[in-house]
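Single chain ahead, by itself, as structure tokens, in the form predicted on its own.
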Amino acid sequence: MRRALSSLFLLILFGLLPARAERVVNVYNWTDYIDPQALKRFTAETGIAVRYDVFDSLETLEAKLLAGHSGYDVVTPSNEPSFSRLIGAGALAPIDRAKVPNWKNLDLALMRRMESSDPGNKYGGIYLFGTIGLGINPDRIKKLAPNARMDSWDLLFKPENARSIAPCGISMMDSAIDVIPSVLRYLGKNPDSIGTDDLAAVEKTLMGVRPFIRTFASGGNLEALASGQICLALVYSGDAIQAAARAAEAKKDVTVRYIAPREGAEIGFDMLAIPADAPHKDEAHAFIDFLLRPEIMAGITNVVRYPNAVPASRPMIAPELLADTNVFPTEAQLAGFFTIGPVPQAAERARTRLWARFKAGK
């Protein structure tokens, strides 16, 4: 028996017989968007190793998945426009709910909202959600622009305000997908508009403040706000709320607040989805099922400060987060937020060219 085992070892060693493959799941998620302890616990419980990469814009995610053979097993596209566009392109696989028993934990009302992107909720479940608005250092801004409204997109999009605030640093997320709908809403237009005149108005508004923008960043805005390198940023809500917590922990006299502008803020849902060509679909289903456990989702929300769609997680979420309407919006707030729809490819190209001109400042 010992001789037989030795022979088997030698066959494996010299590649004549395949060694047992390691179980792995390759995850592609937003920056600062997971509880690291959840990844460790998943591996400890299942024996499945997690290879974890991050992105900071929907453009980056879409480019990888639409090119195919990304190697990823679980991804988190926002419901619009990326999730619906990836579904339409055949880039996502249907979720086998028999392999995800914790699907039952998802909030049915929120999942119904996703049916406009994914009829029948076939391709994904909600991971986390949030809004797009302004991260601010109110004390520094008040000193520089004492008459500016602190609850309005005017703070950023009015050139006179941006000029006054520029000395303490203004940053904008580097994503046409996220920024242009907010500018359209600010201008009183349909956030999904593809009209030439409307896009011209967006470009005029953005160009009016371009000289005062110090940086374009998505993931980097969090640390820049928390450290006081900037005092105004167009950001995701959870990033600003994380920045506020980090600033408080650092005790460096930096105060950060998140503002959902009164003219309207976009609400977006990030979906747990599986690429159509994912190499480890069973492991992907196991990972999604694990994340949808109430205690796991509570831990993620407590760390990243974004709300989740698993109501049973609420008793395990920090009370101060549950009480913060920037994290868990009220029903009245939810009614005032807007969502966006898919944009035709030709119009998307026009938006991309607009964005390139804006960033270049010409």
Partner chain sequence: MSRFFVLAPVWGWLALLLAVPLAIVLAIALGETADRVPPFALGFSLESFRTILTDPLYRDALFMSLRVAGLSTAGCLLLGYPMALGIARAPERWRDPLLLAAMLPFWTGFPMRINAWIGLLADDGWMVAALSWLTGSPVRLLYTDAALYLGVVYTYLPFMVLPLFASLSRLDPALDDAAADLGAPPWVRLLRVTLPLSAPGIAAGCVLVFIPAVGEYAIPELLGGPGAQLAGRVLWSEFFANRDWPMASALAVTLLVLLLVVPALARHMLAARKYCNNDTLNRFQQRG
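Numbering follows the first chain given and starts at 1. Fair warning: this is a prediction, and the values are worked out from it, not measured in the lab.
One more form of this protein should be noted, the form predicted together with its partner chain, which is absent from this view; the next part is about it.
- Here the chain stands by itself, but in the predicted complex one stretch of 63-71, 320-328, 300-308, 37-45, 63-71, has heavy atoms within 4.5 Å of its partner chain.
- Although the partner is absent here, residue 113 sits far enough away that none of its heavy atoms falls within 4.5 Å of its partner chain in the predicted complex.
- None of the heavy atoms of residue 200 is located within 4.5 Å of its partner chain in the predicted complex.
- Proximity of residue 353 to its partner chain in the predicted complex falls within the 4.5 Å heavy atom cutoff.
- Residue contact with its partner chain in the predicted complex: residue 214 places a heavy atom within 4.5 Å of it.
- Here the marked residues 99, 283 and 293 all miss its partner chain in the predicted complex; none has a heavy atom within 4.5 angstroms.
- Only one of 150, 250, 89, 108 lies close to its partner chain in the predicted complex, with a heavy atom inside 4.5 Å, and it is 89.
- A heavy atom within 4.5 Å of its partner chain in the predicted complex is found for exactly one of 257, 158, 210, 189: 210.
- Along 328-362, a non-hydrogen atom within 4.5 Å of its partner chain in the predicted complex is carried by 345, 348, 349, 352, 353, 356, 357, 359, 360, 362, in order along the sequence.
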